[in-house]
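Single chain ahead, by itself, as structure tokens, in the form predicted on its own.
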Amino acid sequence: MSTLVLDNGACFAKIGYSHEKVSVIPNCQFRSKTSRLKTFTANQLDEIKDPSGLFFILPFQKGYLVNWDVQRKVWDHLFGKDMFKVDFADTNIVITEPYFNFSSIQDTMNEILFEEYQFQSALRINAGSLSAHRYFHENNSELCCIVVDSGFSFTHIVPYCRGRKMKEGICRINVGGKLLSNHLKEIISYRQLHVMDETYVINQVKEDVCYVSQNFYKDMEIAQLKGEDNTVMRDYVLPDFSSIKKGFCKPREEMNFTGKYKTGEQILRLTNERFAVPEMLFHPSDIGIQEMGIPEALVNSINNMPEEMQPHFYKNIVLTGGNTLFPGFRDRVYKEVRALAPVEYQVSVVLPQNPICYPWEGGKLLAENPDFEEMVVTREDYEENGHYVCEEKFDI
């Protein structure tokens, strides 16, 4: 019996058998400008010759799975003969879903897994619970941890104690990678080049040049300096998808601070947007979202916990999700939480080697756990008792 672990994110699906390696695959469909009629699914993205003006069709909206037709197509592709060749009758699936997921979505998910695909058994679980499982597995002396999962749609902050999530401490900030990319698109379109349709390219720009500032106002001052003194400024060469396949940052020594470039490359000159965009994770109020930033929400969440547990949470803060990969992210979270936390508590912020696949690794460990059989719902169970048995067993 094999177990397939699928961390079904709103941007990427992290998928693999528990005895193999993980693959990170776009969880969406694409249409390109050039071949309007053809729809590309998941990792067929690589077949698109010219990804400018790429149109994304996403199964998730605002963090919840609403477009089942697209999700089915992606799953058919993932489970099918080109990818994982799943033998459904002989496979368990561990699949993630967001916190407090709507029961209608949960029911549809059960129906698709058991009635359409007919998996042998299934376990639906939050990605953060898998991250916590992975963390406790490595640090088995620890009883508590608090997981910051900053993904595509939003950022969740969830305290775990002895492997159980503490519902009263769960916090959600409605800022994620999608919002950051969209904001960067707006800024660039307003300041220099109309890129509102270039989701794919600008997302790449964000990943290549953005960073989290350790001192926002100081960096703002540097960003206003002229010429070589401006250490924040970067020139980003946009891809033309014929000679330049992927955009890149010009090295400092090749930058032209005074005039135009002679070469025919298309250049984006980025200064304060490099750190002003990720700053939204720390101050959502910058763009009119009246919510706390990550450090404040962390402290708020920990303060909702029993007092004797609080020091344990402060010294086990775990960062997961794609946004944690911004350079300077971990240091900034540490710096701000340290400033807000009581002096006598020790603060420690852990950024795993691969924060995107961390929950998947937790799922892999869980599948090898002797208690795994107890946690899943089998197809017989489901056929006998319907959705009720899933509601009883899965803690969402």
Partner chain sequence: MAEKKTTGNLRSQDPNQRRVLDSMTRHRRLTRQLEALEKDNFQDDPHASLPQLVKRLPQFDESNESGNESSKRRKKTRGDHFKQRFRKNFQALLEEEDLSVSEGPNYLIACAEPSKFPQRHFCAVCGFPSNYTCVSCGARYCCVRCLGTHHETRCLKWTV
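Numbering follows the first chain given and starts at 1. These numbers were taken from a predicted model, which means no experiment stands behind them.
Only in words, not in the display: the form predicted together with its partner chain, which the text now covers.
Enquirer: Do K81 and its partner chain share at least one heavy atom pair within 4.5 Å in the predicted bound form?
Expert: K81: contacts its partner chain in the predicted bound form.
Enquirer: Quick check on N92: any heavy atom within 4.5 Å of its partner chain in the predicted bound form?
Expert: Output for N92 is no: heavy atoms all beyond 4.5 Å of its partner chain.
Enquirer: Might S243 be said to contact its partner chain in the predicted bound form, defining contact as any heavy atom within 4.5 Å?
Expert: Judged by the heavy-atom cut-off of 4.5 Å, S243 is well away from its partner chain in the predicted bound form.
Enquirer: Does its partner chain get within 4.5 angstroms of any non-hydrogen atom of G227 in the predicted bound form?
Expert: Residue-level check for G227: no, no contact with its partner chain.
Enquirer: Given a 4.5 Å cut-off on heavy atoms, tell me which of 138-146, 284-292, 233-241, 307-315 is the interface stretch with its partner chain in the predicted bound form.
Expert: Going by heavy atoms within 4.5 Å, the stretch is 284-292.
Enquirer: So its partner chain isn't shown here. In the predicted bound form, which residue out of T263, Q214, S104, N256 has a non-hydrogen atom within 4.5 Å of it?
Expert: Going through each option in turn, the one that passes is S104.
Enquirer: Heavy atom within 4.5 Å of its partner chain in the predicted bound form: which of I112, C249, L325, I267?
Expert: By the 4.5 Å heavy-atom cutoff, the listed residue in contact is I112.
Enquirer: Taking R330, A341 and N354 as a possible spot, do all three reach its partner chain in the predicted bound form with a heavy atom inside 4.5 Å?
Expert: No, none of R330, A341 and N354 comes within 4.5 Å of its partner chain in the predicted bound form.
Enquirer: Scan 12-45 and write down, in order along the chain, each residue with a heavy atom lying within 4.5 Å of its partner chain in the predicted bound form.
Expert: R31, S32, K33, S35, R36, L37, K38, T39 sit within 4.5 Å of the partner.
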